[in-house]
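Just one chain follows, in the form predicted on its own, and it is written as structure tokens.
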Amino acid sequence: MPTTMTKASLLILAAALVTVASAQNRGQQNFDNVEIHTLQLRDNMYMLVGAGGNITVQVGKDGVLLVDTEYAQLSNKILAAIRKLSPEPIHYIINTHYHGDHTGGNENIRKAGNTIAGGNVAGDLGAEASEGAAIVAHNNVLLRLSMPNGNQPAAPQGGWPTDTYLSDMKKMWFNGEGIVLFHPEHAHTDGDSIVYFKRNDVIATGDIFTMTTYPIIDLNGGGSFQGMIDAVNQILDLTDTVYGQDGGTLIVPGHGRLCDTGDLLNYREMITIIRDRIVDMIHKGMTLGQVKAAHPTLDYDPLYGTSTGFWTTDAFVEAAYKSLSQTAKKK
């Protein structure tokens, strides 16, 4: 069963849980050994921690809504964890972006739910789109999941979004609560959604904000360094803080422990300082090799740096240099 605790206790426990989950995610996958841990955020909201991106769950009389679905291999464990929270049907899955550690379980979990009658579904997906839970995302997520990427085939059609939006905002109402999806352009990817639960004052950020690595800038997926900073500032504009005590907006990052506004402020400071350092080096005419040799991230490496896995410190600096070089040339 989920554990109800103060926010301070949640922060401590979540940090321990995600250390294990992050190691499993970044190294060789062994999903048999992965456990799904449940943390209660508010009366009817939870955070599920496994081996992929964090999952946010809202439950109530209308049913169950999820933000992201981790990996397909964990779907049965995730569904079992959800059933401990609510017997009601899963009606909505919201995807924060297209990456497989956040969307891999779409098809399996969608099949376990159902779409509310009269819901909007993507036009030419056929009758199949109305079966199972609705998958909500920015339209660029549908485009990227439905097209092959290099040697990677398109994702299974059953996991594609069935309800998409094109503007910078989409509003929903579920379980007596207004839910707003904000789309920042060219942040982590070109299809990000920031998911804001207004009554509960909970924000799911996807990989715009992570606590386990430097910012992941998916250049091939339409991401940009400055866009990440702009998106973090957009999230901060939504938050409220109670200083000196538990309270205020709760923030579920894409990876890592449960956070609050103070954590996001520290993150913004880090990425802003590193941006300014790299931009200064670009203006001085330094090459990528020279920038790497100058170690612009050195003082933050103990917190965010790594030399192993898919997103190393070196990979981050290279992506930052490429992205900021494009911006610098326009000025």
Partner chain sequence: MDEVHSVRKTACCLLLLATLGAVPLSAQIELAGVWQNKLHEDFPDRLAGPEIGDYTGIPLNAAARFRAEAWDASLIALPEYQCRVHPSDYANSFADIRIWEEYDKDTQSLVAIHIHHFAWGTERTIWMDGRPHPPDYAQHTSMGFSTGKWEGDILTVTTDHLKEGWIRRNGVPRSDRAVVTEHFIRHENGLTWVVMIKDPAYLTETMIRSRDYVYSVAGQIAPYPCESVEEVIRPKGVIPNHLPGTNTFLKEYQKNHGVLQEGAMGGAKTLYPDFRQTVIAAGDLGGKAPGPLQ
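Positions refer to the first chain, counted from 1. The shown structure was predicted, so the numbers you read here are calculated from the model rather than taken from an experiment.
Although not depicted, the form predicted in complex with the partner chain is the subject of the following passage.
Participant: I have L39, C259 and L298 flagged as a candidate spot, so tell me whether each of them has a non-hydrogen atom within 4.5 Å of the partner chain in the predicted bound form.
Facilitator: So, yes: the whole triplet contacts the partner chain.
Participant: Would you kindly say which of M211, I217, I203, I93 lies with a heavy atom within 4.5 Å of the partner chain in the predicted bound form?
Facilitator: It is M211.
Participant: Though the partner chain is not shown, can you say which of I78, A155, I179, L250 has a heavy atom within 4.5 Å of it in the predicted bound form?
Facilitator: Partner contact (heavy atom, 4.5 Å) among the options: L250.
Participant: Report the stretch among 232-240, 134-142, 195-203, 181-189 that approaches the partner chain in the predicted bound form to within 4.5 Å, counting heavy atoms only.
Facilitator: Selected stretch: 232-240.
Participant: Do L66 and the partner chain share at least one heavy atom pair within 4.5 Å in the predicted bound form?
Facilitator: Answer no; every heavy atom of L66 is more than 4.5 Å from the partner chain in the predicted bound form.
Participant: Is the gap between D263 and the partner chain in the predicted bound form 4.5 Å or less for some heavy atom pair?
Facilitator: Yes, contact at 4.5 Å.
Participant: Is M47 close to the partner chain in the predicted bound form, meaning a heavy atom pair under 4.5 Å apart or at it?
Facilitator: M47: contacts the partner chain in the predicted bound form.
Participant: Decide whether I273 counts as a contact residue for the partner chain in the predicted bound form under a heavy atom distance cut-off of 4.5 Å.
Facilitator: Within the cut-off, so yes.
Participant: For the stretch 267-291, return the residues whose heavy atoms include at least one within 4.5 Å of the partner chain in the predicted bound form, in the order they occur.
Facilitator: If the 4.5 Å heavy-atom criterion is applied to the partner chain in the predicted bound form, 267-291 yields R268, E269, T272, I273, D276, R277, D280.
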